[in-house]
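The data below hold one chain only, encoded as structure tokens and taken in the form predicted alone.
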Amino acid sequence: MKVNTKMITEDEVLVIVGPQSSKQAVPAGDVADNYATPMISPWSTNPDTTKDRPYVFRGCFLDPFQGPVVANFITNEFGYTKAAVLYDVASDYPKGLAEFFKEAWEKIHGEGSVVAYESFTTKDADFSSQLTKINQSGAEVLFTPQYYNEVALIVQQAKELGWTKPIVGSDSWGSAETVALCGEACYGLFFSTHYAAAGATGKTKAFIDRYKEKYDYTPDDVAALTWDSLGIVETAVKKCGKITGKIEKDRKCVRDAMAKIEKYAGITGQMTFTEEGDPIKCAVIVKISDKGEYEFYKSVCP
């Protein structure tokens, strides 16, 4: 928050790209909106990031969309009716997404169909107690909307405890570190995300090739969404025409232009923005291949 305030009041930035995760983007968005400075978080899916904040935008879909996407995918793909959830209760992103998934799942399968709803606290590394309860609950699938370091531990510990059923994740799985830490234990698992690098074509492939040439690293969804967010800002600035130098006027022009962007052809898909700052766009279901690559499996649209 201090950094955001300094950029706005002392550095007089025109627009802010970031922060990425909801834990930082929610409070940073509050500062940006209070100072009437446009901000776009590429990766923050928590609804509170943009809620009642006309100056705050995002480059990704929302958790209220992602939760039902995962619930519907599991239902249609596997035909399961009993699910378990394991999430970090102390972090905005997994806590919110766990709630949206539970709500969507029980809307499809009825109250009580989430047969285990287990939580832990950030930095916990032993999940054996929660996973034992999940194992004994009769759940047919486990949904865990966690980050790569926790995903590896959860998946590996679940398999050590005898779990043989699917484990499904969310866009927070998208880092290459997920497979690097998890290894073969994560092969064959699915997660919802924003784009798939393996098999990409067109401008998405061109971006990936440029990125790999410079950094020797396949860009994850955070990198792709950040690129799109920068493109959205560039589009809005161009729509404003000449920047006047009157910072309050210029900031409002950029904000209004961002809210009117339609059918922006990003590398993570086509986006049309709403006055609320949220893009209308599709989600991607990715399968982790037996080579550890993130393969496009199917697209799910609003």
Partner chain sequence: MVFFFQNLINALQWGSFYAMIALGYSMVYSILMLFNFAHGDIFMVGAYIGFGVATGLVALSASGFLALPGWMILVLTILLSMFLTSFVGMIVERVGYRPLRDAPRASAAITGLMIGIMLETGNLILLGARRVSFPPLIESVTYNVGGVFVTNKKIMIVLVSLSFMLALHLFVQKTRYGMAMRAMAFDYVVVPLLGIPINTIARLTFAIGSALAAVAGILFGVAYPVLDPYMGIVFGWKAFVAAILGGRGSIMGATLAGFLMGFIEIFVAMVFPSTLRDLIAYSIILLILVFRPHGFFGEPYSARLRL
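Computed from a predicted model, the values in this text were never measured in an experiment. Residue numbers count along the first chain shown, from 1.
FYI, the form predicted together with its partner chain isn't displayed, but the following is about it.
Note on the interface: of 208-216, 189-197, 99-107, 122-130, the segment with non-hydrogen atoms within 4.5 angstroms of its partner chain in the predicted complex is 122-130. Judged against its partner chain in the predicted complex with a 4.5 angstroms heavy atom cut-off, the residues Glu118, Tyr148 and Leu181 are in contact without exception. Although the partner is absent here, Gln156 lies within 4.5 Å of its partner chain in the predicted complex, judged by heavy atoms. Its partner chain in the predicted complex comes within 4.5 Å of no heavy atom belonging to Glu111.
Heavy atoms of Gly138 never reach within 4.5 Å of its partner chain in the predicted complex, leaving it off the interface. At the 4.5 Å threshold, heavy atoms of Leu230 stay clear of its partner chain in the predicted complex, well away from it. Of all the residues from 160-179, those having a non-hydrogen atom no more than 4.5 Å from its partner chain in the predicted complex are Glu160, Leu161, Gly162, Glu177.
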